[in-house]
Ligand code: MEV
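Coming up is one lone chain in structure tokens, specifically the form predicted alone.
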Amino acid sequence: MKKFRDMNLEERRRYLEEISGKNFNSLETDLDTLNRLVENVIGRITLPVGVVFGKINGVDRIIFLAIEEPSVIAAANKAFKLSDWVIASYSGSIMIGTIYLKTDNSIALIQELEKIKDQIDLIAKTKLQRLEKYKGGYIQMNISRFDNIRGEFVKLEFLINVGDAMGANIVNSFLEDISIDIEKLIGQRAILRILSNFSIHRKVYIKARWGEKLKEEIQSKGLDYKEQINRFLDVISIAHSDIYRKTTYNKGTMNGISAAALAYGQDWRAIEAGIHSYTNYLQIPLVNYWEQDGAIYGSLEAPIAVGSVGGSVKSLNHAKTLMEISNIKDSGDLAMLIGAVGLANNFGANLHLTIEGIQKGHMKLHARNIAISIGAVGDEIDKLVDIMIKDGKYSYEYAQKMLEMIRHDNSNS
């Protein structure tokens, strides 16, 4: 049987249908639907959608990435292939909603709110009762204060279990509704009502081990295993010590997380904002690695708020189709897939960086982009890529010169 990467597009789709038992429907959403989703629509753009195969919690999974960058999909597949195991868990679907009040006396306002807290809790529970049939609902309200250059503020923080929804619309609608009740109770207007994308109660935890298969891979290149894993851990330590490296290191993780979120129709901007705040403001590493018993262990801990129902998941054909093929069970399942591919991408990138340097494999894949961008078509693309790889030259000028040579030879044959 052909390797997946050697199949043509139709063969890949048929293979995915066979192993998933699902139909591969259209990935494109009609323009009329898109025109109703956002304002001032003039068309749509497309990105390549690639496949990652990984085993998570002992189950073979199909994960899709929508991304234009070469080597990201290859890196994730390599990391999963070399892993001994990948385990994932999910903390739950609790979102945070906030209402802010400005005051001249925050202590007195907090005391007033504490007296009516039970009443607010009852109102909140009633307003969110419909979520209970989806295993969600109101959790609790926390009250706090802070000062800034504009004065004193009191924050009401509502914890809401939104079930399998991403939850932004649920939370924001609830906040605007309940703020009216609160304003009547305290005789004061709220100045801000908004959910928080700092989704610290909606985290994924991923852990993986790379041992014997990694050892075989490194030794097959004629390299010393112990020396290479020590270099790998040295490279990782730099990301934990230097902000310039940490930024790119985190980007290596977001290559997988953001691309998967985009493929499944999620709010990848919210995910990125939450993760960057979590890692930088709290100074918590996004990904950690350590050596134990001669193997490399890796872990990822990150807030990932996603939804398996509602919103764009229902509106966008690519989201519906890819969720089906991936057999997404619920929002937690989706979050774990996204987190796992993030760890895989980080490991794959740093392993490649340590052993070969980031450009060697990347430029081979980039050669195809260069060929297409200068106008190569059909068989010209493969011929041009082979020449660039053989000669180790990847400039646009060299590619253009070689393309002209290929066309000249074709015209004389």
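Keep in mind that this is a model prediction, so the values were computed, not measured. One-based numbering along the sequence shown.
Same protein, other form: the form predicted together with ligand MEV, not shown, and the subject of what follows.
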Answer with one of Arg209, Arg245, Lys127, His201: the residue that has a non-hydrogen atom within 4.5 Å of ligand MEV in the predicted bound form.
Arg245
Of the options Tyr138, Tyr90, Tyr249, Phe174, which one has a non-hydrogen atom that comes within 4.5 Å of ligand MEV in the predicted bound form?
Tyr249
Is it the case that Leu353, even though its partner is missing from this view, gets within 4.5 Å of ligand MEV in the predicted bound form, heavy atoms only?
yes
Whether Glu69 contacts ligand MEV in the predicted bound form should be assessed with a 4.5 Å heavy atom distance threshold; does it?
yes
Going by a heavy atom distance of 4.5 Å, is Gln266 a contact of ligand MEV in the predicted bound form?
no
Heavy atom of Ser331 within 4.5 Å of ligand MEV in the predicted bound form
no
Exactly one listed stretch (332-340, 110-118, 95-103, 251-259) reaches within 4.5 angstroms of ligand MEV in the predicted bound form by non-hydrogen atoms, and it is 251-259
